[in-house]
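A single chain comes next, written as structure tokens; it is the form predicted alone.
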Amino acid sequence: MIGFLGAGRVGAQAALEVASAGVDDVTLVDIVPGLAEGEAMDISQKIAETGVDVDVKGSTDFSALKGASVVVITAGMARKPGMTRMDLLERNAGIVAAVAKEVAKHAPSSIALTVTNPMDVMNYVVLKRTGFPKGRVVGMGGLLDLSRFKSTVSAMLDVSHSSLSSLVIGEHGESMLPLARYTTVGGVPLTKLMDETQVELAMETTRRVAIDVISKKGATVYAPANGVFRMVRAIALDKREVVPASAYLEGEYGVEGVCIGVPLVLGADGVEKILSLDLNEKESAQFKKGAETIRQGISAIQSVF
């Protein structure tokens, strides 16, 4: 069973995608009376017509998470127009710390998948408050950033999304690191198709696109939900898929003691391996800038530990 802690827009959409694909049974938990139950009913009725046979349930009781193999944590305040991810820091730290304890209590063998922003800092909170091994705590941010970078580049080059292969690592925030050197278009290096100015424009557009979406519709929903679905599927089906995601580092990339986005192998045991990339001086500086932002965020919420 896949548990979802938080039945708001992203949690509900991700649960819908997981259930619709028949990955596993789904349980939504939310403290708002009736919300999780209503979403579960709606999703159940949708998949009934399409012939997918998984159970979808909703509850306000954390004990409903018992037996979950994965628990997706989306609980917390959503980002609003004009806010950065770090603006959510204090508001969400207490919420995530509390629900992480419930995950450890009711689903002690699960893999925790953190989505709540600021995601890398919240992923660290989940790691510390659950007491889980580092491989069983992972954060969704890199796949979302990757989807935005691919969308931006494909639009600039006027090519199919399917032609692009890329990677975005680092902080899930304003210091994210789209890796142009590791991006190809139909096998052709991106740096052969774009000059340095165009590449920088694509990277900056990717960093700012969430602000634009939030200012227009109030929240980002479908792209983050897809990232959650991809990661849940990789874990549930033991795909050992290479994805960019937030993991706890102990010296990799010259960073330790924080959770940050890196390329990793994701399977039934969670984070099975962190892949090492050869970053140049500029890339390494940007990566470490993001790590320092995360470290400062962790320092600002010591009261939750």
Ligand code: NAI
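Values in this document were obtained by computation on a predicted structure and should not be read as measured data. So that there is no doubt, residue numbering starts at 1 and follows the sequence shown.
Although not depicted, the form predicted together with this ligand is the subject of the following passage.
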Answer yes if any heavy atom of Tyr253 is within 4.5 Å of a heavy atom of this ligand in the predicted complex; otherwise answer no. no
Would Ile2 count as touching this ligand in the predicted complex under a 4.5 Å heavy atom rule? no
Mark Met77 yes when one of its heavy atoms lies within 4.5 Å of a heavy atom of this ligand in the predicted complex, and no otherwise. yes
Do Thr220 and this ligand come within 4.5 Å of each other in the predicted complex, heavy atoms counted? yes
Are all three residues Val99, Met119 and Pro224 in contact with this ligand in the predicted complex, where contact means a non-hydrogen atom within 4.5 Å? yes
Which one of these stretches, 230-238, 161-169, 140-148, 193-201, sits within 4.5 Å of this ligand in the predicted complex when only heavy atoms are counted? 140-148
Answer with one of Val185, Ile95, Leu127, Ala180: the residue that has a non-hydrogen atom within 4.5 Å of this ligand in the predicted complex. Ile95
For the stretch 1-16, I need every residue with any heavy atom inside 4.5 Å of this ligand in the predicted complex, listed N to C. Leu5, Gly6, Ala7, Gly8, Arg9, Val10, Gly11
